[in-house]
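The chain below stands alone, shown as structure tokens; this is the form predicted alone.
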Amino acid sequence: MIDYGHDLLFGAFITPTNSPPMHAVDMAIAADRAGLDLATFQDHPYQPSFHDTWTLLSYAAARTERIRLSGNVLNLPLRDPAVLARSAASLDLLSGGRFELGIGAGGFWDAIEAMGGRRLTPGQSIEALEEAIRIFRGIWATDATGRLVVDGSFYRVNGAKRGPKPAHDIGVWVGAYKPRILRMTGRAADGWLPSLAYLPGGPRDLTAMNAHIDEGATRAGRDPRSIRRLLNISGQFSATGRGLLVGPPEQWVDQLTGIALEYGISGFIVTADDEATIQLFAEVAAGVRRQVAAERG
């Protein structure tokens, strides 16, 4: 049993489709009303059938009351980190401390380059992401003396003014799969946000991936427990069980409870483009919370 010491979070992973125009916002409102903790949106700025995710996050924040919001994950190569840091702090202040910063190193490099972004190798993209995280934290550190200087290989700020200070300590959650970026996540980030569908071995892959994060944190002098472990999931609710996350809500409860206890996952975000799935997942969330609490005493 692994417990990294974080309260369980449950959320919706929403496709920011612009057809119909308000669908993604309606899903965020439904998640808020159902009592979920997070409404998160894919970020593919090169995809014309999607709303711009940052605009969508801002609009959804204004239409919801208590739910936290995040990109899942924001596309760093097309979003300047210093500007993104100020945008994140502003939205956190305007929403009453409800924004978290899910961020990715980039992929789909042909599309990124077509939009004017810089093509990077995998190693370069990880280095760029770590530099960006330094800039995020520097902009938010309004109590630090002096202006911000980060002389990176990919991102530089030279005397930037700090601020605004967010309403709460914004979590920087990294979408990561390979050992090098997992170690960077442990070294520099606050959370890890992969998708179960991208794990070839299923949940059992989480053991080795957690170990890379723990190694990065330990080498940096950080407590591995400080890094939250979240997981994007997808499945189907049905009357009979036919495998992992395909079956009735009580089966989902048992399976997610097992993943939480065995691998230390403290956040589950379900792909949801309809209100029925959101409502059923809210019921699952309550059941998982009860079972995990009972198991952990």
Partner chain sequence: MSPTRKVTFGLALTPSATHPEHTIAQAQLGERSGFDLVTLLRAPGQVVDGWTLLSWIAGSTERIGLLGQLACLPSEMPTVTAGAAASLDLLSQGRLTLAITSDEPSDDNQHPVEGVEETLDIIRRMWAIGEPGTVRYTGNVHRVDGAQRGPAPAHDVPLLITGDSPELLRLAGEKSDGWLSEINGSSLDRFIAGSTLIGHTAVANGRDPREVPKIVTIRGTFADTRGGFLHGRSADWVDDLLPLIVDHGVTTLLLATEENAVLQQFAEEVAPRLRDAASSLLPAQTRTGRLRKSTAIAQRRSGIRYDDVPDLLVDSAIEPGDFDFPRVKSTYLRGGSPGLVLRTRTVDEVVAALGFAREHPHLPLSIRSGGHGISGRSTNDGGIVINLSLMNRIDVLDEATRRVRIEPGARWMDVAAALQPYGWALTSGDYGGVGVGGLATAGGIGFLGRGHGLTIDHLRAVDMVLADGSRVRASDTENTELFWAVRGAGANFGIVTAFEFEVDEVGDVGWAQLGLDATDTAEFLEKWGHTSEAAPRDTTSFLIMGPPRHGQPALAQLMAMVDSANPDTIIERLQPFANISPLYSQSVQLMPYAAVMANAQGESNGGQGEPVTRSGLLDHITPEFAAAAARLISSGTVYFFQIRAVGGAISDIDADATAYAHRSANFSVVAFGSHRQRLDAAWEELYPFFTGAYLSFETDPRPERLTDAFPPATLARLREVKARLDPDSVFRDNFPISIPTLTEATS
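Everything numeric in this text was worked out from a predicted model, so none of it was measured. Numbering follows the first chain given and starts at 1.
Keep in mind that the form predicted together with its partner chain is missing from the display, and what follows is about it.
Scan Ala211, Leu199, Leu78, Ala220 and let me know which has any heavy atom within 4.5 Å of its partner chain in the predicted bound form. Checked against the cut-off, the match is Leu78.
Work out which of Leu56, Ala34, Ile259, Ile233 lies within 4.5 Å of its partner chain in the predicted bound form, going by heavy atoms. Looking at the other structure, the residue within range turns out to be Leu56.
Triple contact flag Met22, Arg63 and Arg86 to its partner chain in the predicted bound form, non-hydrogen atom at 4.5 angstroms: All three within 4.5 Å in the predicted bound form.
Considering non-hydrogen atoms and a 4.5 Å limit, does its partner chain approach Glu250 in the predicted bound form? Heavy-atom contact with its partner chain at 4.5 Å: absent for Glu250.
Does its partner chain get within 4.5 angstroms of any non-hydrogen atom of Asp254 in the predicted bound form? No, no contact at 4.5 Å.
In the predicted bound form, does Gln279 have a heavy atom within 4.5 Å of its partner chain? Heavy-atom contact with its partner chain at 4.5 Å: absent for Gln279.
Would Thr15 show up as a contact with its partner chain in the predicted bound form if we use heavy atoms at 4.5 Å? Output for Thr15 is no: heavy atoms all beyond 4.5 Å of its partner chain.
Listed range touching its partner chain, judged in the predicted bound form by heavy atoms within 4.5 Å, from 200-208, 223-231, 109-117, 180-188: That would be stretch 109-117.
Using a 4.5 Å cut-off on heavy atoms, which residues of 218-233 contact its partner chain in the predicted bound form? The stretch does not touch the partner at all.
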